[in-house]
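Shown here is one chain on its own, the form predicted on its own, set out as structure tokens.
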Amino acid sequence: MSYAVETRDLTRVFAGKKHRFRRKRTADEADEHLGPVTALDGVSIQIREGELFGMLGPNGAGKTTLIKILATLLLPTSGQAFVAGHDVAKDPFPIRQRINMVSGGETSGYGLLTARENVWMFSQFYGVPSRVSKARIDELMHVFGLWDKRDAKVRMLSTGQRQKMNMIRGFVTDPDILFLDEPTLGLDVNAARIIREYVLNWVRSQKGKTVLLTTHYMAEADQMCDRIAIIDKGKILACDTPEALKRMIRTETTFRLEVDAIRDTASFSSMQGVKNFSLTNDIGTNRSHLTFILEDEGPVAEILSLITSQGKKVHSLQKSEPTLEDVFISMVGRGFE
């Protein structure tokens, strides 16, 4: 099977640099230096054509290094990487014709040019016919809400507006494979939503379009990605669909119920499978709020049966599911840094 992106035991090591001392070194400082840093350590992934593939990892995990290698901006130390069937080290030129890359927080563009002129200039680097590129730019500027700023100098644009311009630059070449490195970093809610919706629609509505997305936002990855890889210290810890990743971790299940005011609750704590139980009464509404920590969902039917047997009505029932953040922390041992 051919993949849009494939890596085989991909490794990238950055050489360390020794500190330079302008004064006489002490004994403790004599051997102080920054040793080699392994940014990627035997990474093997396969991204299918038409897939929106996500990558989650803390700062320094290797996400950006991987994208730079796949975008032919950086060579691997060892291993292989293939994009659109071409080896990034041996055959980069066909790859560059089929990809584009956008990073969050980047300041690309020339301040003396307008937003429209900047995007048009980049499209010419890719050989897009001028008539085609201008039509795409106008359409994308309407989509991303940048039409009113099309003739504004880039230096006058806000951070969000510049990122919208960068996203337009990424799509104007109509790439087959798009690398998005934290594209919504630092954006307001509305700007981030516009970008997410457009990326999703772009992949889903066109055949053969592939996206590799890195993000710090768990909800964004959960909403957008077909599969997600979790990476830390240059190693892939897990790779699967968001739902499958959530099923990988064993956590207690939390159920919260709102019922008619109930007094007989002694049996709840002694039920098999109930790890914890708590009750609060709301006198104003004459209702009780029950919280159960369960080993699994087995006791739920018995709980509901006991409530209804007392002639009480269940008004609401909520279950807390494991989240991607739970998965991430369980594997990495910490949150984003």
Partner chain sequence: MSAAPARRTDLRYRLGLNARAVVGRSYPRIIGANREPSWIVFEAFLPLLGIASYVFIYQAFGTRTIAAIVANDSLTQAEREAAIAGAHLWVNALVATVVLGGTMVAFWLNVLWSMASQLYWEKEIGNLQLYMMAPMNRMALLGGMAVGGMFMTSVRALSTLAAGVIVFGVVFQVADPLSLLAVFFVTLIALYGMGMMFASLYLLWGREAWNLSALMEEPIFFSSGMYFPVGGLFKIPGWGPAVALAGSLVPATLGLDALRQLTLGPASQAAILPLAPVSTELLILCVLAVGFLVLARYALAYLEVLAKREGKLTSRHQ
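Values in this document were obtained by computation on a predicted structure and should not be read as measured data. Positions refer to the first chain, counted from 1.
Not pictured, yet referred to below: the form predicted in complex with the partner chain.
Of the residues given (E117, D240, D138, E258), E117 alone sits with a heavy atom within 4.5 Å of the partner chain in the model of the complex. Though the partner chain is absent from this view, in the model of the complex it lies within 4.5 Å of a heavy atom of just one residue from I249, A219, L200, M121, which is M121. Heavy atoms of D232 never reach within 4.5 Å of the partner chain in the model of the complex, leaving it off the interface. Residue contact with the partner chain in the model of the complex: R263 places no heavy atom within 4.5 Å of it. Heavy atoms of W147 never reach within 4.5 Å of the partner chain in the model of the complex, leaving it off the interface. Contact annotation: S108 falls within 4.5 Å of the partner chain in the model of the complex, judged by heavy atom distances. Although the partner is absent from the chain shown here, none of S269, G284 and L304 has a heavy atom within 4.5 Å of the partner chain in the model of the complex. Heavy atoms within 4.5 Å of the partner chain in the model of the complex are found in one stretch of 306 to 314, 47 to 55, 271 to 279, 286 to 294, which is 47 to 55. In the model of the complex, the partner chain lies within 4.5 angstroms of at least one heavy atom of each of the following residues of 119 to 140: W120, M121, F122, Q124, F125, Y126, G127, V128, P129, S130, in sequence order.
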